[in-house]
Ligand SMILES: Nc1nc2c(ncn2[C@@H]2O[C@H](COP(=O)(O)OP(=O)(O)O)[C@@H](O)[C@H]2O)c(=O)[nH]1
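Here we start with a single chain on its own, the form predicted on its own, put down as structure tokens.
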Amino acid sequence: MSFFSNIVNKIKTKLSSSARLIDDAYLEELEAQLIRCDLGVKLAFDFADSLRKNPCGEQQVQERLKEFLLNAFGKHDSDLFKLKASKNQLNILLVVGVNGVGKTTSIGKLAHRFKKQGYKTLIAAGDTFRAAAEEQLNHWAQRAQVDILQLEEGAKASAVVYKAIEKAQTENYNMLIIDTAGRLQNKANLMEELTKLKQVIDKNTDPNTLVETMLVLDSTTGSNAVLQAENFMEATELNSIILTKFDGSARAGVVFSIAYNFKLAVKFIGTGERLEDIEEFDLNQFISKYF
């Protein structure tokens, strides 16, 4: 049973109804089921409103839901979900996210993945706020067998980023992955920190450098992941998402919610604890599986 037919069948079971024109009770239960499936409050309410404005029979709801969710992906262009990195230039991934979502693990997996693809990869330990962050990141760098740049205790994150860019340019690295603080005192501090890092990157790289700000989200946290995305969107310009702890259809709703609310592409999915357990998000495969 597909992700979408499962939603519709749950509604029918809950209401014990036969096929008829949808009513307020049906729409309220539809909203509740969509929210439970991590599609988010906004998407659930907007879809229900679309049915109120243009009613249909219950047997048509699944197709209408498919159409509505497909539109969340805009042009459905699978290239939008691919990282446009090139070995002929420096590529910089600025990885952001709160503590506990799997940010450090994702950086290690990405470093391993890019090294296997032939990129000369450097990790920058830019989370200077949390005491254990550098130790954890160093562990993952060793596992991935890539280089890491760390400065002395108390160094500013902007100094780490500056030194990392300098090292990458002078020693011909073509992939630089930058860790950032996952927790600061408040949103204003977070915004200031990320703004400084982006300024250092922009000032010390040429326009051809690929710079991608990637937000790491834990797919198991549902609506909280959407709230985190909203907070980081206020703090900095995001380009894409890394979803961790993704285990298939149970987490499919998060992908649609992020696309619908923020027009951001999920580019990588973490599926386990091994170095190899990260993969590119494949839009066509995703759609064929859940539609």
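We number the residues from 1 along the sequence you see. Computed from a prediction, not measured in an experiment: that's the story for all the values here.
Another form, the form predicted together with this ligand, is not on view; read the next lines as being about it.
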Study note, to complete from the structure: in the predicted complex, the residue from 189, 99, 142, 71 with a non-hydrogen atom within 4.5 Å of this ligand is 99
Exercise for review: Would you kindly say which of 105, 150, 209, 221 lies with a heavy atom within 4.5 Å of this ligand in the predicted complex?
Suggested key: 105
**Study point:** Partner proximity in the predicted complex: residue 237 to this ligand, non-hydrogen atom cutoff 4.5 Å
**Key:** no
Point to revise | Partner proximity in the predicted complex: residue 244 to this ligand, non-hydrogen atom cutoff 4.5 Å | key: yes
Exercise for review: Flag residue 276 as yes or no: does it have a non-hydrogen atom within 4.5 angstroms of any non-hydrogen atom of this ligand in the predicted complex?
Suggested key: no
Review point. Does this ligand come within 4.5 Å of any heavy atom of residue 213 in the predicted complex?
Key: no
Practice item. Name the stretch: of 154-162, 83-91, 105-113, 118-126, exactly one has residues whose heavy atoms fall within 4.5 Å of this ligand in the predicted complex. Key: 105-113
Practice item. Using the arrangement in the predicted complex, list in sequence order the residues of 257-287 with any heavy atom within 4.5 angstroms of this ligand. Key: 270, 271, 272, 273
